[in-house]
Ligand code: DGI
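To begin, one chain is listed below as structure tokens, in the form predicted alone.
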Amino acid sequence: MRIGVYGGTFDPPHMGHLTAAVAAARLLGLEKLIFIPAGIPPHKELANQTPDAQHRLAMVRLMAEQAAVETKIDVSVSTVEIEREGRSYTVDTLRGLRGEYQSDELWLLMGTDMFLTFQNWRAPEEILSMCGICAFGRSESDTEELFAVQRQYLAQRFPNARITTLTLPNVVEVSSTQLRAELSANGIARELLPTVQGYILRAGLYGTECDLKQLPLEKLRPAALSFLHAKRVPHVLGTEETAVKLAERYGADVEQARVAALLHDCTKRLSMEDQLALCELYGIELDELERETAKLLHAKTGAVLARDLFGVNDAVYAAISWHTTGKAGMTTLEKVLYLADYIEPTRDFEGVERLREAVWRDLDEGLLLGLTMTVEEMRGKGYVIHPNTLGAIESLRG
């Protein structure tokens, strides 16, 4: 197996890191990629506003999820350097990885600055005996001419070295220092993944302390997305887009529809155990079916989290609460969210086009068809139907 190893302070992880990792993975034909956030970097001191290691680790995990979506390979995050005492020397990390992946081909990924000073690292010859090097240029000034000189030098000094370099397409030039200053001043930085941006806002990192109950849309959106696994982000953004259009078409409050859509899956990735713990914490009453079905729980826990953390009003709270089962006598906003979640652009199942046509023709006609399709699918799989779903169907049939 060919494995890429990408270490760094990731303070914070940004689009430059992500695009470099994805490009290197494709160039090298990697089958696995390991991100390794440093505990104490050997080559520089951490900035004054650097979050603690656990926050950096959480942000790198969000980036790793996106890298896995884009590369479609196994991507993981190692805590070895964060847990190790003292400075994070690459040679120590590679010794451990070589012991774990004895027969695999390791490639160490690095940016231009690291590559041009590699000969000054601790035990460079031992490093090259354990892995190849893939260096990438992350700015317009990182030219092939510069790489060629260093490649030739390292080849002469370390004759058995495996070295490759690449200039990234669509270069993302990012200065971590400037990025941190931008976050401190504005709370927003365009060079960040939305999920990482949202995590920073929710945790108040880099001087971004703000009132989560008063967030403008440009900050609420990434904050909402930061709860999600990367593969679910397109669904939530699609739900937002569709909810806004349906609200405009059928007279629901557009901003309430937008907020409900952004937050409707905010607890979706939680385990059953964590869902039940939230229910106990917030005093949510559950019926027997809900206690056994995580898919039903996330609507209730998502609603209370949206209200507690982001201060959503009662209408949005109710829309999130009923977006999975539906119920008799749904408001227009509740219908809009239920259907936006069902027919957003990334949905691709048998009958979805027929459902979309019905929804845009008449909201209640679409809702009845959607609920009926849900019941038929669940019965076909042998699942129990929640009484609220059956009640919603009866209500629409009059």
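A residue's number is simply how far along the shown sequence it sits, counting from 1. Not measured: the values here are computed from a predicted model.
Keep in mind that the form predicted in complex with this ligand is not shown, yet the notes after this line are about it.
Stretch 257 to 265 is the answer when you ask which of 160 to 168, 214 to 222, 257 to 265, 69 to 77 has residues with heavy atoms within 4.5 Å of this ligand in the predicted bound form. Interface membership of Arg151, defined by any non-hydrogen atom within 4.5 Å of this ligand in the predicted bound form, is ruled out. Contact annotation for Lys300: none of its heavy atoms lies within 4.5 Å of this ligand in the predicted bound form. Mapping the unseen interface onto this chain, Glu334 falls outside it, with no heavy atom inside 4.5 Å of this ligand in the predicted bound form.
Lys295 belongs to the set of residues with a heavy atom inside 4.5 Å of this ligand in the predicted bound form. For the three marked residues, His235, Thr374 and Met378, a heavy atom of each sits within 4.5 Å of this ligand in the predicted bound form. Contact with this ligand in the predicted bound form, defined as a heavy atom within 4.5 Å, holds for exactly one of Gln275, Thr242, Thr195, Thr324, namely Thr324. Residues from 377 to 398 that approach this ligand in the predicted bound form with a non-hydrogen atom closer than or equal to 4.5 Å are Met378, Tyr383, Val384, Ile385, His386, Thr389, in the order they occur in the chain.
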